[in-house]
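Quick setup: one chain, the form predicted on its own, written in structure tokens, and binding and motion questions come after.
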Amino acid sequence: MFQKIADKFDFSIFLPVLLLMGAGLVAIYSSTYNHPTASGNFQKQVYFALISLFVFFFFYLLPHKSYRILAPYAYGFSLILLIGVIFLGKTVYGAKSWIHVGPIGFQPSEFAKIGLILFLGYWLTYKKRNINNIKDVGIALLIGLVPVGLILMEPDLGTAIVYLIITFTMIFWSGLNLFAFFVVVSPVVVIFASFFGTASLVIAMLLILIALFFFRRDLFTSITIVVVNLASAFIFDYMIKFLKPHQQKRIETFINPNADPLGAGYNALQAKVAIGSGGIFGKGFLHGSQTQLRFIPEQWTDFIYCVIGEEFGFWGSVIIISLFMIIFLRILNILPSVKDKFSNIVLVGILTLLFTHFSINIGMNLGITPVMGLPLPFLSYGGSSLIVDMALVGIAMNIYNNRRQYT
């Protein structure tokens, strides 16, 4: 009996998700305990958790074929929301990323992730696309770049980077050959290298030249790729001047967090102190000095992981990471059994989104990635992110249930 249920409902994904949600509630309670302005956030997160469970089962029980049918409409509605937030949105932390309908506020950029993943999966598998064709790969990139452009207008650099990673990964998984993937991704590598100065940019360009020698393409193609990469670095350096001052400061702080220890680098440095002070077994629930003395502002959001690291120590942190690894490895294990290509690519998009948020957020807390304002899935406070995460898990579980079917 249990085996029949397990064949349709994957408990090895669902149970770790529930445990992560529970850990998030514990950490939110601790970080808002006796807080003068956030004492009600724990109760709100409990409501969000209940709503998200309803959303999970809604998407899990939705007829499997409906995802492909709804994909274009979900993407179109996402773009409308992203355009609407630019004109009607409320500015929070320097970004106009929230829309309020009465007392209810939500982030369109969170919900638009579902639309992007579904529609990109739909387009990449519609009428046997040749993704190595310049036209087809160009349209696929455009599908991802349109919401990226709208999100940058808010501006929200962190979320825009997540959208780019999802887009590149789904396109590559759909059958993009290695050379085409190199052409698409190399400008991103050059842009990232330019953050660290001229020396790193030169090293990146040398690596590109070595790769071009390996691929042995004609001289015109090779020169074109080099010119495009150099242009990307210079154009991005020019565009960076249009970012908000706090976003420029985040990039500078990533390169050297100690350059502004009381400003943009403060949260990252304090998070490392909190995690390090937890030791092996932690200081105990409600006994974290960094947490209870509120050294990190609004710690219940992006820096929720350091609450666990301080109060539950190394072992608590390892348990959280292990639960995520169980989810990620299980999804990877499911992928080969998914017969339908649309479902397969969508599942890769879901895995990419969750893993990107996980790796960047944990990196933020450990001081090895920039502070991008990305929540930790299932743990960070916030209704929009939790509901979207559970909707994506519901879609993943729906795909597992129908993995032997073709749509």
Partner chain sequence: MDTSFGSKDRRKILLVIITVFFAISVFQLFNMQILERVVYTEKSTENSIKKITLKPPRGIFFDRDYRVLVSNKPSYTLQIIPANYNTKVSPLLERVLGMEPNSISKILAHNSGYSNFIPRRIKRNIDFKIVAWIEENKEQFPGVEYVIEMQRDYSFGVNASHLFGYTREINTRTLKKMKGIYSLGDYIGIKGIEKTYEDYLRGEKGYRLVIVNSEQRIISSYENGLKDKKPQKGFDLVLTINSEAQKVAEKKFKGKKGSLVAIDPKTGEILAFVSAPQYDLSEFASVVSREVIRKLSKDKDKPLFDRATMSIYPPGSTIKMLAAIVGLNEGLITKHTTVNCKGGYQFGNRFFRCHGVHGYTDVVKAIEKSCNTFFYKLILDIGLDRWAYYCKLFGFGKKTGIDLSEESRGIVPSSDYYNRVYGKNKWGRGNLISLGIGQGELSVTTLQLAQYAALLANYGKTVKPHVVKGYLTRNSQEFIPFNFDSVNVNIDRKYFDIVRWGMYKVVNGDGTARGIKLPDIKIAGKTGTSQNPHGKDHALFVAFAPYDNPKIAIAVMVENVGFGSSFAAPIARDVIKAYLQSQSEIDNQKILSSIN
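If you're wondering where the values come from, they're calculated on a predicted model, not measured in any experiment. Residue numbers count along the first chain shown, from 1.
FYI, the form predicted in complex with its partner chain isn't displayed, but the following is about it.
A.B. asks: Quick one: of 178, 219, 142, 202, which gets a non-hydrogen atom within 4.5 angstroms of its partner chain in the predicted complex?
C.D. replies: The option sitting close enough to the partner is 178.
A.B. asks: Here the chain is shown alone; which of 98, 295, 192, 111 has a heavy atom within 4.5 Å of its partner chain in the predicted complex?
C.D. replies: Result of the distance check: 295.
A.B. asks: Looking at its partner chain in the predicted complex, is some heavy atom of each of 40, 64 and 71 within 4.5 Å of it?
C.D. replies: Answer is no for this spot.
A.B. asks: For the interface check, one of 280 to 288, 224 to 232, 143 to 151, 77 to 85 should have non-hydrogen atoms within 4.5 Å of its partner chain in the predicted complex; which one?
C.D. replies: Result of the contact check: 280 to 288.
A.B. asks: Should residue 351 be counted as a contact of its partner chain in the predicted complex, where contact means heavy atoms within 4.5 Å?
C.D. replies: Residue 351 belongs to the contact set for its partner chain.
A.B. asks: Is residue 122 close enough to touch its partner chain in the predicted complex, meaning at least one heavy atom pair within 4.5 Å?
C.D. replies: No.
A.B. asks: If you check in the predicted complex, is residue 182 within 4.5 Å of its partner chain, heavy atoms only?
C.D. replies: No, residue 182 stays farther than 4.5 Å from its partner chain in the predicted complex.
A.B. asks: Do residue 317 and its partner chain share at least one heavy atom pair within 4.5 Å in the predicted complex?
C.D. replies: Contact check for residue 317: yes, within 4.5 Å of its partner chain in the predicted complex.
A.B. asks: Which residues from 297 to 323 come close to its partner chain in the predicted complex, meaning a heavy atom within 4.5 Å?
C.D. replies: If the 4.5 Å heavy-atom criterion is applied to its partner chain in the predicted complex, 297 to 323 yields 305, 309, 313, 314, 317, 318, 321, 322.
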